[in-house]
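In the structure tokens that follow, a single protein chain appears in two forms: structure 1, then structure 2.
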Structure 1
């Protein structure tokens, strides 16, 4: 039985990784970008990553020995016969809206259209789509060819059958799917770690703790330490995300002078060679530093649990188990909500009150359901 044709719009780092994932699982893929040199770079990257995947990553074997990917800078060719179209361009609302208006003029009538946005509301984006009942969000995690999780996000217009088809395609290709029940900024996993951006921003503005001293707590844990991750993602991307959260979630996400100054100097992190850290050979250069005694892992865990309570209150997810499922497959994190004792809860409340008082940021105050000892 033939597999669905997947079209990916945008051949940047995330877009071509999504294309590689689907091609590796046996789907015919059309990869579109308006810039031929981006397509050429994507092709080179895909060929290198494919060799690594074949040797190291446990995924379904591809159908045959060849990746079925067509690289094109002609949108009509990319969309022809597509069953699922995934937009993967930068997180700029106006760019995405303009693109959707163009796509919906020529997309096949049966096709599902999806956005790989990590923050922007599906409700907002659906206004640019001619058939919003066939439009939804598919948030892949980086690197998309390896990370298991995809968040499935409907708007109020998305048909249930469309959601089921998209989920079926993803799960058959080997992904773990987290169904987002309420379209809120940041969805679930990114929203869980969003307050960490408030904390890192506050640390930079306070100028009391070197980034190395905070990151030192996290060096031996899975994933990147918080400040290193900011640099890796790009300070411009981080600031853009914070500004979106500031507008649509809470004013506490306002970027401070340190980050905005870095943007003005075009010191964006890894991609420019300098940001919070200086980067050499794709690695940050860090001074030796002991872990700061006053701020560390317990504070980050506390703000993540606090945010999980907010997500459950807002109906983004329906159970603590879904929180842990998202963190496990989206961030490779250990369970956060399972087995929290009353003693641990009290320690988290104290950590949150400490952060709120120290930085004068009310967003860190513990949720009422948490302080009342109510199970989420």
Structure 2
């Protein structure tokens, strides 16, 4: 049976990797961008990554000899025979809405339309789509050809059959799907780590702990330590994300003077050579520091678990198992919720109360269901 034709709109950071992922699993792919030089760059990057992928998975499954990708800057060519269209253009509501208004006139009537937005609500976006019952969010994680998880976000109009088809296509191609039951800011996985930014921001504002002394706790763990990660992602992006959550989730996400001052000075982290740290050859220059005795991993864990309880309360996810599934496949993290003991819970409550008192931030207070010892 021939595989569904996948059209990806936008061949940037995410779009080209989503295209590669589907082509690698045998789907014919159309990659469309309005900028021809981005298409050339995408082609170069896809061919490089394809060589690496072929070597890696040769033992697991036959990868085939060719990728069937058409690179095009002609919208009609990209959409004409599509079965699933995935939009991956910049995170600007008006741009996405304009695009949807023009493409819904062209796409085949059976085609499913999806957005890879990381923040905008499906309800809002579906207002610009002619057939909202065939529209949903498919949120991939970066790098999309490698990270297993895709969050599947229906709007209230999305048809169940459409969700089943989308899930089926993704799972057949090798992804793990997490169904977001309530379309809240950050969906599930990004939301779980979002309040860590309130903490890093508070540490920078308090000026009592050098970033190195906090990061020192995380140096031996997989993934980047929190302050290094902020610099790596870009302080401008970090502030932008905080402002989004400040507006749509809670005022506690307000970025402080330290970060806004850095943005004004254009010290944005790795990409400008200095941010929280100075950067040399893509690595941060850190002073030697011993791990701070009062603040560390247990506080970050407590913050994440607290946020997971909020996600369950808000009905974004329905079980602790789903929280762990998202963490495992979206962040390569170990489970957080499985087997939490009463003792561990008490420690988390203490950590959260400590953070709330020390930084005078109520958002850190433990959720009621956590303090009442209710199973999530």
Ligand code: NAI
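Between two forms, the rigid core is defined as the largest C-alpha subset superposing within 1.5 Å. Just so it is clear, the structure is predicted and the values come from calculations on it, not from any experiment. Numbering follows the first chain given and starts at 1.
Asks: Between the two chains shown, which is the form predicted on its own?
Replies: Pick structure 1 here.
Asks: Splitting the movement between structures 1 and 2 into two rigid parts, and assigning each C-alpha by whichever superposition fits it better, I want to check if residue 166 and residue 107 land together.
Replies: The answer is yes; they move as one rigid part.
Asks: Look at the chain as two rigid parts and give the angle between structures 1 and 2 through which the smaller one rotates, in °.
Replies: Spelled out, the smaller domain pivots 7 degrees relative to the larger domain.
Asks: Just grab the Cα shift of residue 275 between structures 1 and 2 for me, core aligned, in angstrom.
Replies: That residue's C-alpha sits 3.2 Å away in the other form.
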